[in-house]
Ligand SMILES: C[S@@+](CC[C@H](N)C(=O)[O-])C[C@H]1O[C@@H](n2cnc3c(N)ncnc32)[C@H](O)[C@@H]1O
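Listed next as structure tokens is one chain, alone, in the form predicted on its own.
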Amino acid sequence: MNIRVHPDWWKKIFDEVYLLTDARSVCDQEITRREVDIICELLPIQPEHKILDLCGGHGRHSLELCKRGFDECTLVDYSQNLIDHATKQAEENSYPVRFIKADARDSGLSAEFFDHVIIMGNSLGYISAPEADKDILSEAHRMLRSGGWLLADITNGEIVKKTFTPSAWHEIGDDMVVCRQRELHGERLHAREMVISKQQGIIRDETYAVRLYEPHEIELLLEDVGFKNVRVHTDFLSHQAEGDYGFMNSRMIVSGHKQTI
């Protein structure tokens, strides 16, 4: 099989079906709590700090931060579907999160405004353009105040390559089955995802791709953008149980500091 991927796949796949297929990772509140624990452990974060949740999806990290008293959160994401979901949750809980639909490479937000930028949930490596991730990280650097911090959570490409499996599947409730086929193409992993309902038939048949970074590569990329004191933590696990969770299995946390001028 040769899995072909449209370069703009990321513009349409993050919808309500995504919240079902990836619910084991992105809709598990205990996993989100553990991930926010890591954020609070690795960043010198204070309640009054302004936090940007870049590529924040349906808001699980921003909402959990607000729950803990960090109420200066702004979320940027390209998916209106996920922003709508996040907005509803924020309104139901009276969380003052600011939501913005924008491309992470050009958010339109002010320079040197945020104390911290977080990029969680493996949100780098989606765009096929060679400079895309550098552009996203440069935008994060631009929006950080002098002395601010970036923290990003991404797939550990080194481990993915070593433990690569070409296929996986899991069930969602009693009705749906998610089947994935995967191929390695150099530094990119291509996947085909079929979501099948036992009652309705095929719900989704889409392809997508992610650029895989090894620890030293993501460290060099942050340094190239201008971050200092870059650290990569390769022992990051959200899932406590064994299983194939796709790109959420083998992850690493990278942090960097915007030097005080």
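What you see is a predicted model; the values in this text were computed from it and never measured. In case it trips you up, residue 1 is the first one in the sequence shown, and so on.
As for the form predicted together with the named molecule, it is not shown, yet the points below apply to it.
For this session: Considering only heavy atoms, tell me if residue 184 and the named molecule come within 4.5 Å of each other in the predicted bound form.
Result: Taking the distances in the predicted bound form, the answer for residue 184 is no, it never comes within 4.5 Å of the named molecule.
Exercise. Is there a heavy atom of residue 121 lying 4.5 Å or less from a heavy atom of the named molecule in the predicted bound form?
Worked result: Looking in the predicted bound form, residue contacts with the named molecule include residue 121, since a heavy atom lies within 4.5 Å.
Exercise. Does at least one non-hydrogen atom of residue 103 fall within 4.5 angstroms of the named molecule in the predicted bound form?
Worked result: Judged by the heavy-atom cut-off of 4.5 Å, residue 103 is in contact with the named molecule in the predicted bound form.
Exercise. Would residue 55 count as touching the named molecule in the predicted bound form under a 4.5 Å heavy atom rule?
Worked result: Contact with the named molecule, yes.
Exercise. Of the residues 45, 26, 232, 195, which one places a heavy atom within 4.5 Å of the named molecule in the predicted bound form?
Worked result: Here the answer is residue option 26.
Exercise. Here the chain is shown alone; which of 178, 82, 137, 73 has a heavy atom within 4.5 Å of the named molecule in the predicted bound form?
Worked result: Only one option qualifies, and that one is 82.
For this session: Sort through 57-65, 37-45, 198-206, 212-220 and report the only stretch with a non-hydrogen atom within 4.5 Å of the named molecule in the predicted bound form.
Result: The contacting stretch here is 57-65.
For this session: Indicate whether the candidate residues 14, 78 and 127 are all in contact with the named molecule in the predicted bound form, with contact defined as any heavy atom within 4.5 Å.
Result: Contact check passed for all of 14, 78 and 127.
Exercise. Going through 154-189 from first to last, which residues have a non-hydrogen atom within 4.5 Å of the named molecule in the predicted bound form?
Worked result: Residues within 4.5 Å: none in this stretch.
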